[in-house]
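Below sits a lone chain in structure tokens, taken as the form predicted alone.
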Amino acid sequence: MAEGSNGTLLILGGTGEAVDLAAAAVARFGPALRVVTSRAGVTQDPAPVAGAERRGGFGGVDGLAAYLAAESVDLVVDATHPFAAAMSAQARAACLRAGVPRLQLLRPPWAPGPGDRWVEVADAAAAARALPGLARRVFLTTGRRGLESYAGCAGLWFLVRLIEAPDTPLPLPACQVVTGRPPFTLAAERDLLARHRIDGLVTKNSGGAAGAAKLAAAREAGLPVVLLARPAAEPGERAETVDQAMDWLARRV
């Protein structure tokens, strides 16, 4: 960006860090930087965001590259979910094509500590294969995608937590749905595990404080945790915190 000029920052959202970054960038840079947060529209009632907001997909690499050019985007911060591998790959390719600097804001993964009984697996299919013999009443917090992998888990019962209630039946042999949006407290997670007699947890290694309470509750209860590993991060500059991302922006605005 030229010194003294107004520029445009595109934040690819979907996480709490994206919301926090938009607020921090608007507060710090003011009119020197137009902040636009893009959200895919997966949830119907997302948290409000500072600056401008764009809803919906771009249409792949070509669509995103065209958007960057049409909107004169100067900087991109990819603050999508750690498991949004396809979107991050598209962001990298589009930014390379358009010559736009890109930063990936990616919070650190969780790491096991004393008392944790973790079984780390590559994907949902591997998680389904790991469950027999580990648990019979499973707390499943991996989101709506990939639930069909557990359809063949005969004899298991699932408590499925989603942000919004599904509009069609889930492809599971026996289940109950609860809804909620992070962050969750440790007390609430303890109560949920006890009330539903949960004896195993399946979750993604998303990292971050907002979803960590379920792991602490499982540790306290001595429950096994089947943890889906993250996809590999895209090459390029990376920050783990909003403060680090703000430092990256400050060097360029």
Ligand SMILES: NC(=O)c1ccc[n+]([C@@H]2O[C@H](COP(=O)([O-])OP(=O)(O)OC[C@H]3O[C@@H](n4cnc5c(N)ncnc54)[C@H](OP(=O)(O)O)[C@@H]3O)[C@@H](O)[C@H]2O)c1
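Note that the structure is a prediction, hence the values are computed from the model and not measured. All residue numbers refer to positions in the sequence shown, first residue = 1.
What follows is about the form predicted together with the ligand, which we do not show.
Visitor: Counting non-hydrogen atoms within 4.5 angstroms of the ligand in the predicted bound form, say which of 134, 84, 162, 153 makes the cut.
Guide: Checking each option against the ligand in the predicted bound form, the one that comes within 4.5 Å is 84.
Visitor: Just give me the single entry in 215, 36, 49, 40 that has a non-hydrogen atom within 4.5 angstroms of the ligand in the predicted bound form.
Guide: By the 4.5 Å criterion, the partner-contacting residue is 40.
Visitor: Within 4.5 Å of the ligand in the predicted bound form: all of 129, 149 and 200, by heavy atom?
Guide: Checked in the predicted bound form: no contact with the ligand for any of the three.
Visitor: Under a 4.5 Å heavy atom criterion, is residue 12 part of the interface with the ligand in the predicted bound form?
Guide: Yes.
Visitor: Looking in the predicted bound form, any heavy atom of residue 208 within 4.5 Å of the ligand?
Guide: Contact check for residue 208: no, nothing within 4.5 Å of the ligand in the predicted bound form.
Visitor: Does at least one non-hydrogen atom of residue 58 fall within 4.5 angstroms of the ligand in the predicted bound form?
Guide: Output for residue 58 is yes: heavy atoms within 4.5 Å of the ligand.
Visitor: Though only this chain appears here, would residue 54 touch the ligand in the predicted bound form if you measure heavy atom gaps against 4.5 Å?
Guide: Although the ligand is absent here, residue 54 would touch it in the predicted bound form, with heavy atoms inside 4.5 Å.
Visitor: Please identify, from 86 to 94, 171 to 179, 67 to 75, 110 to 118, the stretch that has a heavy atom within 4.5 Å of the ligand in the predicted bound form.
Guide: Comparing against the ligand in the predicted bound form, the contact stretch is 86 to 94.
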